[in-house]
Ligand code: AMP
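Next up is one chain by itself, shown in structure tokens, the form predicted alone.
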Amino acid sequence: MLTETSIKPAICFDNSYVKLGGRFYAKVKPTLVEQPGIVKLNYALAQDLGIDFDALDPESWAAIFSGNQILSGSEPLAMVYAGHQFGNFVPQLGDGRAILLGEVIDNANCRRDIQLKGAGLTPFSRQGDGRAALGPVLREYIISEAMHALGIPTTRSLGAVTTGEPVYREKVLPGAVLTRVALGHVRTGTFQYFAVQRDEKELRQLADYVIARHFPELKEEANPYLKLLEEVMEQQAQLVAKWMHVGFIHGVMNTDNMAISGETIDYGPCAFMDNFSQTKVFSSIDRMGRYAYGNQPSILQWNLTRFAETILPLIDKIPERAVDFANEVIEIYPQRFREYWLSGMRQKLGLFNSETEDESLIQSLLETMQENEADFTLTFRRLCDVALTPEKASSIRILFNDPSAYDNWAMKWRDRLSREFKTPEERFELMCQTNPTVIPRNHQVQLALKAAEEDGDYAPFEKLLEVLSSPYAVAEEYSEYLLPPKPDEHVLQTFCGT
């Protein structure tokens, strides 16, 4: 049975979302599992959260992170929200297999959610079983921690446990639960849920909660809700620009997967590109390419527009004026995204200053890479070496089907670099800080998941996590993790894991 500890709390909860009231969630207890076992505990993250993993034995943590044991102060709940899924609006979704245990105040005095994924049925499970398979749990652990190491805002993984029970998908798989940490789990879809019901009171309550938790400086603004839209736009533009800089494809940019906190959330069929292509899609459910790599900036604007629609009654009581105010913000987005994207791409090319033709130079490289099937990560990382030592150009030329295509572009790049007053060493240092050596390549992730699922071997998972923890460092001893897949290793599709 579920138990509540009477000892000193191993996690000191300080919950706020539960105070919003029952319309915002359903109280629910995790479903018991037969034999929970620890796969991984994130000691570094736990330390940041003020959690001492040494305070309890592994069996106790397995019970806590499976949901079998409810700690004192925890108030488990499943959040309700709506959302546009591939452009189609669903008025009620909600946490169908996730349960928010509560919140903690970390060592930086920042409020963080602690949530279980795969902890059993909730009132929002619909046709699902509320469970998660081991593969998707380990996949989210790997990718979210890799994103953190890359310096990209993201939810984090605090722990992963097996359940000792099977889950039934296309085949029988071992079950698992992920413990996820986030600045917050409020989504655009959360606002949509209340907006579609025309419930202005609770919509305002939600907006005030978000402002108090994530943007407290907006409280003093003349129109805090319009400023909220601006802040969300700025953070999301920066976030997606960072995705683009490392070749990341989210895969399901539905409005219920857009966190108001500005973090990357919900790692389902996400992937990092090998060969560069603006139209690259991995998600098995994205049959029309809606969320392809190159579409992500425009999809974000679409999502921001949906968010703006939800808070129009808060922005101004006169509908026409509210629309005008919101449109002014949405219309600024393309330029703001372009600035964030260009800034990062300039750094990737070793450019300290800006010139009007830089965007053309960058686009020319990307077009050449796409036409010649050049590897995204290797191309930019080897440019670092070429910027320092031009004689190393052969290492990058071989990445292009037609090496002369790279040569033609490189002449323009060299000419552009000649107009900057920086040393090759300074340029090399800048580029190495923005061009990772290693990313979670799909084939390496798949190998780690297969070993864990089929053989109970977690060594490849642990090794991959170790390599990805220092993505910008030169790690030649891990050469097999740095290289793109061989022809028979390509992973063409990724899956949600629901």
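Small disclaimer: the values here were computed from a predicted structure and weren't measured. All residue numbers are counted from 1 along the displayed sequence.
We do not show the form predicted in complex with this ligand, though everything after this point is about it.
Visitor: Test of understanding: in the predicted complex, would Pro297 fall inside 4.5 Å of this ligand by heavy atoms?
Guide: Although this ligand is absent here, Pro297 would stay clear of it in the predicted complex, with no heavy atoms inside 4.5 Å.
Visitor: Give a yes/no on whether Arg97 approaches this ligand to within 4.5 Å in the predicted complex, heavy atoms considered.
Guide: Yes, Arg97 sits close enough to this ligand in the predicted complex that at least one of its heavy atoms falls within 4.5 Å.
Visitor: Can Gly130 be called a contact residue for this ligand in the predicted complex at 4.5 Å between heavy atoms?
Guide: Yes, contact at 4.5 Å.
Visitor: Considering non-hydrogen atoms and a 4.5 Å limit, does this ligand approach Gln238 in the predicted complex?
Guide: Output for Gln238 is no: heavy atoms all beyond 4.5 Å of this ligand.
Visitor: Is this ligand in the predicted complex near all of Gln278, Ser364 and Tyr406, within 4.5 Å of a heavy atom of each?
Guide: Zero of three within 4.5 Å in the predicted complex.
Visitor: Looking at 99-107, 130-138, 382-390, 354-362, which stretch has residues with any non-hydrogen atom within 4.5 Å of this ligand in the predicted complex?
Guide: Stretch 130-138 is the one.
Visitor: Of these, Thr305, Gln347, Ser125, Gln370, which has a heavy atom no more than 4.5 Å from this ligand in the predicted complex?
Guide: Exactly one residue meets the criterion: Ser125.
Visitor: Of Glu231, Glu145, Asp256, Asp113, which one comes within 4.5 Å of this ligand in the predicted complex, counting heavy atoms only?
Guide: The residue in contact is Asp256.
Visitor: Across 76-90, which residues bring a heavy atom to within 4.5 Å of this ligand in the predicted complex?
Guide: Those in contact are Tyr81, Gln85.
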